[in-house]
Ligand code: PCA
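To begin, one chain is listed below as structure tokens, in the form predicted alone.
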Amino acid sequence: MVKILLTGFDPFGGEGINPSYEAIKKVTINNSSIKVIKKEIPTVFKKAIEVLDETIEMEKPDIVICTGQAGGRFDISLERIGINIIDARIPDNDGDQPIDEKIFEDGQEAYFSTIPIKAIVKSLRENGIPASVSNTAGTFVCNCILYGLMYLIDKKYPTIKGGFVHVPFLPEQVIERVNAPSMSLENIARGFEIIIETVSTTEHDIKEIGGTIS
């Protein structure tokens, strides 16, 4: 059996909902060889990593997929890399707003995701869900949890695979945001199910174009 930990964030930045965890709550996997553990993570820099570490220690998953909201994006984005920096444009949910601070002093400058991001993008697109590879997870808590996850894998959990997925706003979040993109909760949840199915059956990523010019 493959055990997958799937995490999403609580609402932040004045939003009443966060599509990442709202979609996770709707995820259903009808496969007896896959077990999914769902966890809500606080949108707080250090605490997010602490809660993730505690959950990994308790649940002992084979794969960890963290997810978060990226308002303004059009598709489900598979993040390639997390960087060792916090540069917060807005405060986290504890009111902290670090600027140009390292996440871990003893960590590498960056860590790459170890889930098959290009195979996942291909699977999502083949199922009619817009998706792409992203080369920046930002410098807020989403990047922090991606970097923190890969740091934990590097230092403490070497047999685990991990990565991060960004999702767009839900339609109800863009009513007052003119021309802002969104994706339905059903499509995001289905996207997560496809991601879970793909990572549980794909040992090595595929090699095809996924980069961008700018």
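Residues carry their position along the shown sequence, with the first being 1. Computed from a predicted model, the values in this text were never measured in an experiment.
Form predicted in complex with the named molecule: not shown, discussed below.
Picking from 64-72, 178-186, 49-57, 148-156 the stretch near the named molecule in the predicted complex, with a 4.5 Å limit on heavy atoms, gives 64-72.
The named molecule is not shown here, and in the predicted complex it never comes within 4.5 Å of any heavy atom of I83. K39 falls outside the set of residues with a heavy atom inside 4.5 Å of the named molecule in the predicted complex. Interface residue remark: F140 is counted as part of the site for the named molecule in the predicted complex, having a heavy atom within 4.5 Å.
Contact annotation for 29-60: a single residue, T43, has a non-hydrogen atom within 4.5 angstroms of the named molecule in the predicted complex.
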